[in-house]
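Have a look below at one chain only, the form predicted on its own, in structure tokens format.
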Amino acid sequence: MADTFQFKLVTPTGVLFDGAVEQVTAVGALGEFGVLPLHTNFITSLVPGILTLKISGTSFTEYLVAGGLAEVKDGVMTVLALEAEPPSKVDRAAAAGSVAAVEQRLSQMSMFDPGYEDAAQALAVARVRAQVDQLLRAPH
């Protein structure tokens, strides 16, 4: 059995990670899922959440992902993220303020408004940013 598999994290601004990992844990539309070496091929959407990479043994890397797509194909996993950043770069105070502002904006919209989906996505991302400390999985 293989101990690692190739993983690539891609955003619109470039490749954030490209290397071998032992495990990946992400949050999809139906909940959290994990990928190990020799995983079956699949594709799924991602929702805002924490992407955890187990590099080796006790070495972990995490990213806050704003959503996107994840694909496992022929032993390689690729995540195409709308945005991704290390949790350490998140400004928690600004995120908390952003949650309140987006909630206010969303409360004044109808779900039929053209910008409703974008506002709902912005709220989901803001909530993950504000709660990033509670969402981290890896030991720090």
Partner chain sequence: MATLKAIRRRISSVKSTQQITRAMKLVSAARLRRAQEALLNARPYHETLKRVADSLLGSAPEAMAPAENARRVALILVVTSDRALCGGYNANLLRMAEETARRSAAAGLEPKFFAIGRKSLDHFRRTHAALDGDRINNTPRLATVGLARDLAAKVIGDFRTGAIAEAGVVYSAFRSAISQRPTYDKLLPVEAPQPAADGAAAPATDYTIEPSAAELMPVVMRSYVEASIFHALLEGEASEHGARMTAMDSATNNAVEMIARLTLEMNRARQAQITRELMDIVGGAEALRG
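Residue numbers count along the first chain shown, from 1. What you see is a predicted model; the values in this text were computed from it and never measured.
This next part talks about the form predicted together with its partner chain, which is not shown.
Student: Does at least one non-hydrogen atom of residue 105 fall within 4.5 angstroms of its partner chain in the predicted bound form?
Tutor: Residue 105 lies outside the contact set for its partner chain.
Student: Contact between residue 20 and its partner chain in the predicted bound form at 4.5 Å, heavy atoms?
Tutor: Close contact is absent here: in the predicted bound form, residue 20 is far from its partner chain, nothing within 4.5 Å, heavy atoms only.
Student: At the 4.5 Å heavy atom threshold, is residue 92 in contact with its partner chain in the predicted bound form?
Tutor: Because no heavy atom of residue 92 falls inside 4.5 Å of its partner chain in the predicted bound form, the answer is no.
Student: So, in the predicted bound form, is residue 111 in contact with its partner chain at a 4.5 angstroms heavy atom limit?
Tutor: Answer no; every heavy atom of residue 111 is more than 4.5 Å from its partner chain in the predicted bound form.
Student: Run the contact test on 30, 42 and 73 with a 4.5 Å heavy atom cut-off to its partner chain in the predicted bound form and return yes or no.
Tutor: Verified in the predicted bound form; spot residues all in contact, yes.
Student: Mind listing which residues of 9-31 have a heavy atom within 4.5 Å of its partner chain in the predicted bound form?
Tutor: Sequence-ordered list: 10, 11, 12, 13, 14, 15, 29, 30.
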